[in-house]
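One chain comes next, on its own, written as C-alpha cells: the form predicted on its own.
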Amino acid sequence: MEKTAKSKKRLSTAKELNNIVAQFYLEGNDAKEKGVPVGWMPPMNGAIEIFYAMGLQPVFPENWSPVCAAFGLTPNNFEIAENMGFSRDLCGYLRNITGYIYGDMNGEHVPLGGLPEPDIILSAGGGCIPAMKILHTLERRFPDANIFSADLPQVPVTEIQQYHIDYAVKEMHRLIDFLCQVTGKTMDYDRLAEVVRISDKACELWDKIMSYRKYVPTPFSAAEIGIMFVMVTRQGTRIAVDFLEKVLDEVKERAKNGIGVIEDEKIRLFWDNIPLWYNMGIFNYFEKMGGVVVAETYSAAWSMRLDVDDPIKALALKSLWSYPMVSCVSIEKRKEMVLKACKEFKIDGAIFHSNKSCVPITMGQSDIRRALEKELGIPSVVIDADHMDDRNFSIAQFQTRVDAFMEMLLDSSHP
C-alpha cells in the first residue's frame, strides 16, 4: 500500500459523490460571480440551514482541508503556514487553511476552482480552540468581510440547561438580524421551517444508513465515510436527502442479500478518531486478512434529530450539541459512546488513531482502551498518525502494528 492512497469503494452511489463535491465548490464560485453573498463558517452549526433558507452561499474552510489533503495541496499550505510561524504541533486544519488563504487561493493548480473569498465570516464562539482560531485567522486575512462574532457556551450535552437554550435561541435571532442587515435580504420563516424539516430528514436517513452496518457481513465500511460530505455542506437541501435516499436503498439491498464489503468477513473493527484524509486507503488494508472497519467515532457527529415544529430552537440546540458530540466531550462520555458502539456493531477489535493534529479527541484513549478490554474483552491497537499531515505517519510502522494485531485477532477467533 502506498503512503498516500485512495480508498476502494463498494457502493455504486458513493461514486456519485465526486459530482456532488464538485458541484458544491463550483456553486460557491458561481455564487460569488453572481453577487450572491458568500459566508465562511465552521461546520456543524445551525447557521447552515439559515444560509440556505435565505438564499446565501455557505462555505466551510475546515471541510476544505480534507479536500486539500485528498488532492495533495497540504504540503505547500503547511510550508506557507510554518514560514509564518505556525508550529507543526498545531492542528492540521488550522495550518492548512492558514497556508491556503495566504497562498495562491484560486491558482490553476487548485482543484474545483478553490474557495470564493468571503463577504461574511461567522467567527465561532464554540467548538475546539483550533476551529475558533481558524475563523480568527480569516478575519485578519479578509478585513473587508462582515464579521459576526458568535457567542455560544461550551457545555457538555448532558449539562445543557434551559437558560443555555434560551441564550442560544437569542443568538440565532441575532444572527438572522445581522444577515438581513448586511445582505439586504429578509428571512422567510416558512422557508426556514421547510429547510429544517429537510435537514432533519437527512439526519434520519443518516441514522438508518449507519444502522445497516450492524449486519454481518456489513454492507459497507469506513472506506465509504466520504458520504458524510453532504451532512457537512448540504444540510437543509434536497441534494443531501436525495443522495442519502439512494445510499440507503443500496445499503438495504446489500444487507438483505448478505453482500458484504469482502467475501469472507472474519474480523469486525472499530476506528477511533478522525480518518487520515490523505490516505483513506488504509481502511482497505485490513481486508487482506478478513478485517472490515464497520464503525467509527466520527460518524456519530451527524446523529442528531431536529424539532421541526420549532425551527429556531432546533438550530440553537444543534449549535449547542454539535461540537460536544465529538471533540468537546468528557472522557467518560466518549468511553460510554465507544463501548456502546462496540457492543451494538459486534466489534472484535479496535484501532485507536493517536492523532497529533487533534488532541481533544485523542485524550482519554488509554482509559477507553482499558475499559474495552476489561468490560467487553475487546483488544485494541494504537496507530500514531495525523489526520492532515502525512509527515506524522509511517506506513511501515502502521503495517507492522496492524499485521501483528490482525494475526492476534485471527488466532483468538479460531482457537
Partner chain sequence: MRNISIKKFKEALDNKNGELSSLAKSGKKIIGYFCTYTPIEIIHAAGFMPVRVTGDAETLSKVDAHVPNFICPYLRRAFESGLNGQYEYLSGIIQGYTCDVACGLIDMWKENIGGELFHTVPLPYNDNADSRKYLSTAFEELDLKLQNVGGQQIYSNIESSVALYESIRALMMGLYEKRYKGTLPLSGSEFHTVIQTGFTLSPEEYLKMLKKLNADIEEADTKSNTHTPVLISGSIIEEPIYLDIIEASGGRIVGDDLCTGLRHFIQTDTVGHDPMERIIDRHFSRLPCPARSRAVERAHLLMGLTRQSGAKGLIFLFQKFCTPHLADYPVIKDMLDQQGLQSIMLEMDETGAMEGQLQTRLEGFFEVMGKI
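The shown structure was predicted, so the numbers you read here are calculated from the model rather than taken from an experiment. Positions refer to the first chain, counted from 1.
Below, we turn to the form predicted together with its partner chain, even though it does not appear here.
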Quiz item: Pick from 232-240, 289-297, 192-200, 168-176: which stretch has a heavy atom within 4.5 Å of its partner chain in the predicted complex?
Solution: 168-176
Quiz item: Within 4.5 Å of its partner chain in the predicted complex, heavy atoms considered, which of Met210, Ile262, Ala341, Met132?
Solution: Met132
Practice problem: Quick one: from Val155, Leu73, Ala255, Ile227, grab the residue that has a heavy atom within 4.5 Å of its partner chain in the predicted complex. | Solution: Val155
Practice problem: Determine whether any heavy atom of Ser303 comes within 4.5 Å of a heavy atom of its partner chain in the predicted complex, and answer yes or no. | Solution: no
Self-check item: is_contact(Met363, its partner chain) in the predicted complex, heavy atom dist at most 4.5 Å
Solution: yes
Quiz prompt | Interface membership of Ile331, its partner chain in the predicted complex, 4.5 Å heavy atom rule | solution = yes
Quiz item: Do Asn29 and its partner chain share at least one heavy atom pair within 4.5 Å in the predicted complex?
Solution: no
Quiz item: Quick one: which residues from 137-167 get a non-hydrogen atom within 4.5 Å of its partner chain in the predicted complex?
Solution: Glu139, Arg140, Ile147, Ser149, Ala150, Asp151, Pro153, Gln154, Val155, Glu159, Gln161, Tyr163, His164, Tyr167
